[in-house]
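Given as structure tokens, the chain that follows is alone and in the form predicted alone.
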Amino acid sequence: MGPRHRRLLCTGAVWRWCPWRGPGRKMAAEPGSVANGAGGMADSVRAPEEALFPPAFSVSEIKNKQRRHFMFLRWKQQRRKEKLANKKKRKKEREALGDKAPPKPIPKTIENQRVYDETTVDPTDEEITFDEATDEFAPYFNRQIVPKILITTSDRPRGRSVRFCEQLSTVIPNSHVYYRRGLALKRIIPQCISRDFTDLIVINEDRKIPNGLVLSHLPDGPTAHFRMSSVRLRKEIKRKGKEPTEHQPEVILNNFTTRLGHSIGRMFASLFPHDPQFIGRQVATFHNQRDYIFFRFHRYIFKSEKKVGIQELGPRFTLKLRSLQKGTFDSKFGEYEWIHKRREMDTSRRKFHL
């Protein structure tokens, strides 16, 4: 006989590693095993052993696909029960200690483990204050201009892009939708400046789906190019509210912490009028998380004096910054402040730029 082989045998509700029974060998029947007959099976069902899996056991060693999947689900169920039992145990201990209970540990997430960025904005920094007073958005924040937005599309837009532009114009006050009709952006921008438009928004599409957004601040720039994804129109949103009113919405800019993110946040803020009309209970949110900018448009629903809810109005979409260009749009001779380079910048999951 060669070396002894081992295999995984099912004995009731327990899996055990057992040596291969060679010639002249008999495997001893264990309590609760199949060899003990129906009584043994009943004992196994009534009193299963604590260890469901042998030590150093790997589900991937099971060759049968169905059996491997079954054992994996069983292993997940066992882990879930252990986790729930530990959670209940910790909760009882905290209730028993009362005020003397130690503070809850802060869970580790990608956000709170973020690599420190040297360009993080400090509002009290004199250099930041000087830059804000002299940049391209200073006339807007000094209330010298009133936002006036032009929204257009790529050449020959499809129905979905057209509907998205129309719904976006209801979110941004004092915005106007015009179709390209084959005009180049270099010809559109001078016409916008002559008609006192302060910003130009271009919605690009691919295969009938909006996939890009170009935002250019007029007349001196800058110009930002975003990749757009997860676009949902109003009719595609569940439990949506009624059509938005003409009230000027409140604007929330969340988590734009670096110098680059600060510039992008000021660019979004310059699209909306200064004084929101709170009576309309509408709010536009630009939330930055892991360099993805999530846009939501909600309405406050006051249920009582202490409780308030929100109702999404739509549309919704997600933006990812590709580049920030100085001046207005110029694809050939434009000077770029920042360009996203995937192979060089995405080496760490905990490194963010906005």
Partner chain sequence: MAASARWNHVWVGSETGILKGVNLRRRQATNYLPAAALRRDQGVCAMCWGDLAESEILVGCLDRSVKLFSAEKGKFTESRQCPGGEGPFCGLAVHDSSIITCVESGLLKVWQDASSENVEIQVGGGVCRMRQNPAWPLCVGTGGKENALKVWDLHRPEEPIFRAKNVRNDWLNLRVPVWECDLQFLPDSEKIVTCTGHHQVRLYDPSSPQRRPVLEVTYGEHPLTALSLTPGANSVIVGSSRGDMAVIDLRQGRLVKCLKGFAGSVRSIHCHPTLPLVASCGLDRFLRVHHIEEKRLVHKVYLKSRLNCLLLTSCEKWEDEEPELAAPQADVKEEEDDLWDVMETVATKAVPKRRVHPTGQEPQLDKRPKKQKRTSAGP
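Note that the structure is a prediction, hence the values are computed from the model and not measured. Residue numbers count along the first chain shown, from 1.
Below, we turn to the form predicted together with its partner chain, even though it does not appear here.
Looking at 82-90, 124-132, 173-181, 148-156, the stretch with residues near its partner chain in the predicted bound form, meaning non-hydrogen atoms within 4.5 angstroms, turns out to be 124-132. Judged against its partner chain in the predicted bound form with a 4.5 angstroms heavy atom cut-off, the residues Glu236, Thr245 and His287 are out of contact without exception. Screening Glu250, Asp199, Glu205, Glu136 for any heavy atom within 4.5 Å of its partner chain in the predicted bound form leaves a single hit, Glu136. In the predicted bound form, its partner chain lies within 4.5 Å of some heavy atom of Thr119.
Taking the partner from the other structure, its partner chain in the predicted bound form has a heavy atom within 4.5 Å of a heavy atom of Lys326. Taking non-hydrogen atoms only, Arg232 never approaches its partner chain to within 4.5 angstroms in the predicted bound form.
Its partner chain in the predicted bound form comes within 4.5 Å of no heavy atom belonging to Lys240. Although its partner chain is not shown here, in the predicted bound form the stretch 192-217 places no heavy atom of any residue within 4.5 Å of it.
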